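The chain that follows stands alone, in the form predicted on its own, written as structure tokens.
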Amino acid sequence: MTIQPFISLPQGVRDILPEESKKIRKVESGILQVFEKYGFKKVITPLLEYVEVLSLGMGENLKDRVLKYIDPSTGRVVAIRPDITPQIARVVATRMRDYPLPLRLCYNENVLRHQGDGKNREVLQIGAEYISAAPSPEADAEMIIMAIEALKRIGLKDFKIDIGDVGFLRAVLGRLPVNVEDRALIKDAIAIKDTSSLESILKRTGKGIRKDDRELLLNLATFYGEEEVIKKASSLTRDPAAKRSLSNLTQVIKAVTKKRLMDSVTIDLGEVRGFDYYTGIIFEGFASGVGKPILSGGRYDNLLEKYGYGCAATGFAFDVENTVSAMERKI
């Protein structure tokens, strides 16, 4: 007697049936049309990469989430991509080095990530990367404006783009006369907007922290909202690097305001996402009824240098399935 095998899929991956596939195609088409309007050209990258090459461009949060195996033909370790951005960096640094800057590249691919609960997750992404000779608020603003326009194009209305700047927070934390452990605790307290824990940490560190720095840190949990929070933060810091970051953010906000899109934006100066990966402007998109971001990105000026090509870069990616979920919940 033949025993019927148990037919199933690995954890974290799934079939997408025609009904849902149609919704996904509609979202993808709308977003890609906006990318094309802004002059972004599509590239297609391979599913597999050598792990040592991919690791050059991955943030610490992804390095432990890579699925990898040994290629029997070469003996080298091969990885299934958990993110497209390092692949874009490799392509630009090796295959597109002679192309004139800036480069506007986009993609529509899937990635696979090992989750902390022992499961995997396949993510459908649509993303855009802007590679230039130097960073600029105009490029940062273009990415945010393009993300908002793409969401409006597909018909999503109830969403917000949260904008921050890790360069500002890095400058603030970098001047503190505290050890590495205390600096990490301060950053973590700011991340979850835990003012009581932050007060306790600052009290324990003693009087080494200047009064204005202490006031600024305690206010970071409340620096969330509209353009006034930038002005308030600027009044509380004398650090040149922090002021430069705030000035850059102001220019970005002015560009978004000029497009009459500020009703879709909030500012969060206490955001620490990607602190060790991003170098300046960061942003995430959230929609009503969806507990996870529908898009995320920011400026990452140090990445291409790791592949031997010193360029500035900014980019973002939509989580397509989260975006489709937001569309299904819209009023």
Partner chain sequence: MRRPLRDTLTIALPKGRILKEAAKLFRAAGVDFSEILSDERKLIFEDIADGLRFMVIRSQDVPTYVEYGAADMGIAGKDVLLEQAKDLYEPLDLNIGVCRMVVAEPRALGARDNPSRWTHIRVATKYPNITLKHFLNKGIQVEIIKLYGSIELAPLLGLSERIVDLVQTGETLKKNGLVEVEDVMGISSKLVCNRASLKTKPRRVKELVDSLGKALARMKR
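The model shown is predicted, which means the values in this text are computed figures rather than measured ones. Residue numbers count along the first chain shown, from 1.
Below, we turn to the form predicted in complex with its partner chain, even though it does not appear here.
Its partner chain is not drawn, but in the predicted complex it has no heavy atom within 4.5 Å of Glu142. Residue contact with its partner chain in the predicted complex: Ala287 places a heavy atom within 4.5 Å of it. In the predicted complex, its partner chain lies within 4.5 Å of some heavy atom of Asp268. Within this chain, Asp194 lines the site of its partner chain in the predicted complex, having a heavy atom no more than 4.5 Å away. Of the stretches 72 to 80, 144 to 152, 90 to 98, 223 to 231, only 223 to 231 has residues with a heavy atom within 4.5 Å of its partner chain in the predicted complex. Here is the short version: of Asp182, Glu122, Asp158, Glu138, the single residue with a heavy atom within 4.5 Å of its partner chain in the predicted complex is Asp158. A heavy atom within 4.5 Å of its partner chain in the predicted complex is found for one listed residue only; from Lys306, Lys292, Lys63, Lys26, this is Lys292.
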